Structures are given as C-alpha cells and as structure tokens.
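One chain is shown next in structure tokens, namely the form predicted on its own.
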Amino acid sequence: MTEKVAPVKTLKGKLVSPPDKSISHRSALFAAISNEKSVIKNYSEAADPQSTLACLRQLGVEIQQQGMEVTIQGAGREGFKKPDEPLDCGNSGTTMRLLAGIVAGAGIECNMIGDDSLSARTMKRIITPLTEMGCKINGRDGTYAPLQIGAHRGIRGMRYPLPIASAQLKSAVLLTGLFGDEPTEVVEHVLSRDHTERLLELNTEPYGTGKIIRSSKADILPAQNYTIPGDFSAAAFWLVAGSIHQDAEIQLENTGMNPSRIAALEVLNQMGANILVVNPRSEGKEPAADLMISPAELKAIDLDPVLVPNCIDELPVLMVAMCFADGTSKITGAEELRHKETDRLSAMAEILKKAGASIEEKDDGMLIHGDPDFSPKPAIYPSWHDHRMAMAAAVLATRASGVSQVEDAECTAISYPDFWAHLKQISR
C-alpha cells in the first residue's frame, strides 16, 4: 500500500497513544512463566505483540483474548510443551530474543523463525551468553535466525557485563537466569529500558553509573495484572509533528513515562520544544501521563551519546525535528541503528536527502544542518517495510510543499495500526 501525504497547515486534536509495545511483549511472556493467572488490559493489537501471543500458544500456554484484554494462565517454568511447528516471530526482534531466553533456559526443543527482515538481524549477541550459561542454542552461520534450541543439562548462573546498552540482550540473559539454581548477575554500565526488572520485580542494586540486576530459580514470578500505558515511542512522532508546525495543538492521553524510555522528551526539551506533562499517574508498575504539544522554535543540539540507548527507537523522527532546528545538530554513538529492522541510519539519510535536507551520514550517526524555514520537497519515500521509517517520512511530508508518497505504508501496523487514521484525524 502506498499512502499519499498532503501538506498540513494545522495539526489539532486529542489522541490516545497506542498500547506500549515493549510492555505488551513482556507482560505476555512474564505471565506465561508465572504460575498465576494474569489479566492484562490494553494489550497492543500491533503485529509484533500478537506474534508473541501466537508463539506462546504454540508452546501450550492457555490464552484468551477479547479485544485488548488478554487473560493468560501461567504455565510456570516447567509447563511449556514442545511446539509442533517452528515458532514464527514475524518481524519482532523482541519476541525472538526474549522468548529465546525463556525456551532456551527451559530447554524446550524448537526452532525459531522470522520474516526476511528479522532473519537478517544479528542474534549472535544472545547466542553467545546463553551458550555460556549452558543453553543449547545456535543460528544460521552462528549468527542469524532460524534459531535452533535444544535440551540442556542445567543452567549455570554467571556475572555478565553488558557489552552494549540493549534491553533485549539484558532481558534474554535475565530470563535464562530464572532457570538457574545460582544467581545470574547482569552488570549494566549504561542504563537501558527497565521494563523487565520492574515487571518481574527482580533484585537490583546501584553500580557506578549503572546497576546490577539478578535472577535465579529463587525468584517468585508475579502475575501480570495491570493496564498497559500508551507507547512513548509512538507518541514521539506527534511530539515532533506538533513541534515543527506553526499551528499545532495536540493532546496525547495515557502515555507511558518510564524514566528509561523518555530520553526523546529530554532531547526535544533541550531543543526548545513546548511539551507539557500533565495528570501524572501510575499504570501498574509503570508511570503514565498526558502530554500537550504546541509549536516551538527549535534549536540545534549535539546529542549526548549517553541518551542514545534510551531514545534509539525515536532517533529517526528526532532527525526530522533537527531538520527544522536553527543550526547544525550532531548525533554520535548511534551505530545500533544499523542493526534494526533496516539500516536506519542509511535509510533516514536517504529519506532526508530526498526531501532536500542538508545532512551528512556518519558511521555512528549524522550531522543535520537545520533550517527553521526548511520546506521539504515532495517525494516518494521508501519505507524498507520498517514502521519507524514510514512514520518518520510521513511526519516530514506534512511540512512539504506538495503531496508526497510513502511506500509499503501498511508496515506501520507492526507497532501503530492506527497511525494513518490518527494523522488524518488531526490534520487540517
């Protein structure tokens, strides 16, 4: 599907952020390994979290779903069944990496597969530590899906300093650690999103600028009974859209405000954005709030690399914001973008160049020479079937001088099924 995006003069309206994708994945996975029954409300209908549910059903987990409410009878650590078919993770790296931590820890013989995009993403980062812990796990060329999981003789606890700031890697190791008699310690020098340790109530302690998180068989796994807040990563597209338009008034309701997820808000505030956080509250173990966005005169910044891990998913649309900022913005320390659904650094460089932006792609980031009066050229934007590329291109196109097109636009359903409807709803 190709979506046409016309220039927009005004963005006004109230939107409810879609359910948080990261929390949706984890709530289902953690409910499955608990011995309790869990009722999860506002579960994401996006394709990726639905892949997680489908894989759990293949493992024999009892799941009932009525709209956005999911009831899961936990199978416990020892209740999974060997699946008859490969576990199809679709496009979801979170499904594959976190579920691999569980099934490899449990010693469930199975194969894990994904679509072409997921099959091109490295899984070596989880294969190496899980193998050291005693798991039987291997991949194509020792690096890529399909993954082959086998039975093992026991899980060995270990101390594991994270080589990169990755919540998926951290979570995979901790989930495998839940099957070991001795504790596994993950040492996190640079903090990444902390949903796993929050929702599983794992033991943590400060360690320098980071922390140590521990898991073992001794951990009692709680039921996952809560309402999932809105996805901040999805909200970020509207934070930028409202900031770069001269006539905008957008209200986002029920947005997740986990401190380990909202670095993009800090970045936009540094750039001079007008974003108000109102009605703060809690949704289960996660903070949430409503956000009010209005136009701003943005200024360029040198993005602190320390913030990159916690705004990695929002960086593509932050690059759009930087095109309209006064001065040259510099992004470094973002090499991880090259290992997402597509090479997002190269993809965004192509999108921005098509729009006529002045940018310089670097190995680990980008220089963006912004202009408050920037008027993007109408263009046909490829999405590489990457949901965040499609949505970033759409936000950029709303400021263009003519009608643009976004190819393979249906890929937004991976994380934000209502994105195009919401864009039309608030566009004037």
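Just so we're clear, the structure is a prediction, and the values are computed from it rather than from any experiment. All residue numbers are counted from 1 along the displayed sequence.
Absent from the display: the form predicted together with a small molecule. The rest refers to it.
Visitor: Using a 4.5 angstroms cut-off on non-hydrogen atoms, would residue 251 count as touching the small molecule in the model of the complex?
Guide: No, residue 251 stays farther than 4.5 Å from the small molecule in the model of the complex.
Visitor: Answer yes if any heavy atom of residue 22 is within 4.5 Å of a heavy atom of the small molecule in the model of the complex; otherwise answer no.
Guide: It does: once the small molecule is placed as it appears in the model of the complex, residue 22 has a heavy atom within 4.5 Å of it.
Visitor: With a 4.5 Å heavy atom cut-off, would you call residue 258 a contact of the small molecule in the model of the complex?
Guide: Judged by the heavy-atom cut-off of 4.5 Å, residue 258 is well away from the small molecule in the model of the complex.
Visitor: Test of understanding: in the model of the complex, would residue 313 fall inside 4.5 Å of the small molecule by heavy atoms?
Guide: Yes, residue 313 lies within 4.5 Å of the small molecule in the model of the complex.
Visitor: At 4.5 angstroms, heavy atoms only, are 97, 165 and 340 all close to the small molecule in the model of the complex?
Guide: So, yes: the whole triplet contacts the small molecule.
Visitor: With the small molecule left out of view, which of 125, 152, 198, 214 would have a heavy atom within 4.5 Å of it in the model of the complex?
Guide: Comparing distances to the small molecule in the model of the complex, the residue within 4.5 Å is 125.
Visitor: Among 111-119, 165-173, 179-187, 127-135, which stretch has residues with heavy atoms no more than 4.5 Å from the small molecule in the model of the complex?
Guide: Result of the contact check: 165-173.
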